[in-house]
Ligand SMILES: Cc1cc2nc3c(=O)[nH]c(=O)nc-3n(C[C@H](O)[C@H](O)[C@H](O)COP(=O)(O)OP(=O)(O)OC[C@H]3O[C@@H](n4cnc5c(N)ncnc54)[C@H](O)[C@@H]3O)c2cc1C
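As structure tokens, one chain now follows by itself in the form predicted on its own.
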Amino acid sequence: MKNVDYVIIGAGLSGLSTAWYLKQAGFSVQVLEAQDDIGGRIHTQHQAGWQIDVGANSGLLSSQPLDELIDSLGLRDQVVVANDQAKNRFVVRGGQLWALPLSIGALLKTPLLSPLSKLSLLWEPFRGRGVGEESIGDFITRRLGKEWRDWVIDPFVSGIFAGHPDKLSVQAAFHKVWLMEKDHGSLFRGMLARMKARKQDRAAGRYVPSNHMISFHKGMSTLPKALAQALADSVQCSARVSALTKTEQGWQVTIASGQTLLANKVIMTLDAPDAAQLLAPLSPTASKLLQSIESPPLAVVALGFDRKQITHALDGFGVLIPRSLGIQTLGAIFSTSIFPQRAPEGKVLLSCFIGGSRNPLVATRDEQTLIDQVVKDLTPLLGIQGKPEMSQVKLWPHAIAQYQLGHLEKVAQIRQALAQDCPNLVTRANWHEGISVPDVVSNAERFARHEYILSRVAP
């Protein structure tokens, strides 16, 4: 029976990066993955010259831990920085694609917003702070007006969370934006303060993130694969955990095959529904709370076309579609416009999204129906002619946890229940620690550093 300091359940980026940092700190770890492959929602597929990321499409170099991890794993020469045109984000209004304005001049000219909504930016710094928890929709409406909420924030929230701005908590889902108001009384003043802080850090020689959007030559799977390779035998696939049993020293972890391990601490990096199922016999309270976290299905529909089949210039990151338009497709990423060599010569790759909290029935529809629906939705917007040369669908049954109103309190209650019912069992997952690649890596580094400090001061 193997005995380790930590058993980590789940070999997505969260589990793998946590294991890597813990191992760097001198701890023994064992990562158990129920599936036959690692990576979780970071997964790259290669098909006859097409390179398709069916989960995370890119990451931002917005944190020092991620930047350093890339170097530590020897991946710097495999990094691909997004093309400059990727800064353009299009939103649909009036049947056309309009780029979100990135300058004052562009803001004045864009037909995406009315003159009154443009002027609302002038008095944003003078609006008062909110009181109590607030939805993203209410927060933006209060600070900028309803048109900003409907035509900018609504599609933006759909693109990130596949969720509803009136249900998601701004404190939980967009914490950094909320802090701008909390700390500076204004989004505008908050942005100025951040720019000043970056300038001061740069002058003092402190680390300043580039915020470049990146991927890797062979896709986003490069990162979790490199972590798994570095961890070697500390990662075990096809190892579904069937039971957790408390012991005097910590935990006995039983795998479906019958294998057992002993661990001082268990780290669970599962989705909320899977974590709820495993924790049900140990902490009914935590399990029930986890079940109440909405994690709707989302389908990623990859479409490959000959470049001549699409009349739009595809000169940007992609397009987001406001829900008020009644179009089922949430949006599309222009994959080959961001990172070249994602398709055969003369071809273009679109990574499209359909489903989410406002369309959960996507999970009941067959793949061809989803492909046909996305092509139908995008054809008039992008000027598509004919059928795609390549198409495939990846359905994520529990895609993105929804940080709805009351989410932070719910997470606190889950932690309290686990501390009482399951000592030395902790969770690290996208349902409470952020969903972006830099968030996941930064939280893993922070957790391992905290565990190391605890091990030094513990009696």
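As the structure is a computational prediction, the values presented were derived from the model and not from experiment. Each residue number is its position in the shown sequence, starting from 1.
The next section is about a form of this same protein that is not shown, the form predicted in complex with this ligand.
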4.5 Å heavy atom contact, A34 to this ligand in the predicted complex: yes
With the cut-off set at 4.5 Å between non-hydrogen atoms, does A19 touch this ligand in the predicted complex? no
Contact flag, W396 vs this ligand in the predicted complex, heavy atom cut 4.5 Å: yes
Report yes if any heavy atom of A448 sits within 4.5 Å of a heavy atom of this ligand in the predicted complex; otherwise report no. no
Please identify, from 263-271, 368-376, 355-363, 185-193, the stretch that has a heavy atom within 4.5 Å of this ligand in the predicted complex. 263-271
Residue (of A276, V241, I153, A228) lying close to this ligand in the predicted complex, criterion heavy atoms within 4.5 Å: V241
Contact residue in the predicted complex, from L425, V29, I400, I52 (heavy atom within 4.5 Å of this ligand): I400
Quick check: do T44, V79 and A343 each get a heavy atom within 4.5 Å of this ligand in the predicted complex? no
Given a 4.5 Å distance limit between heavy atoms, list every residue of 2-28 close to this ligand in the predicted complex, or none if there are none. I9, G10, A11, G12, L13, S14, G15
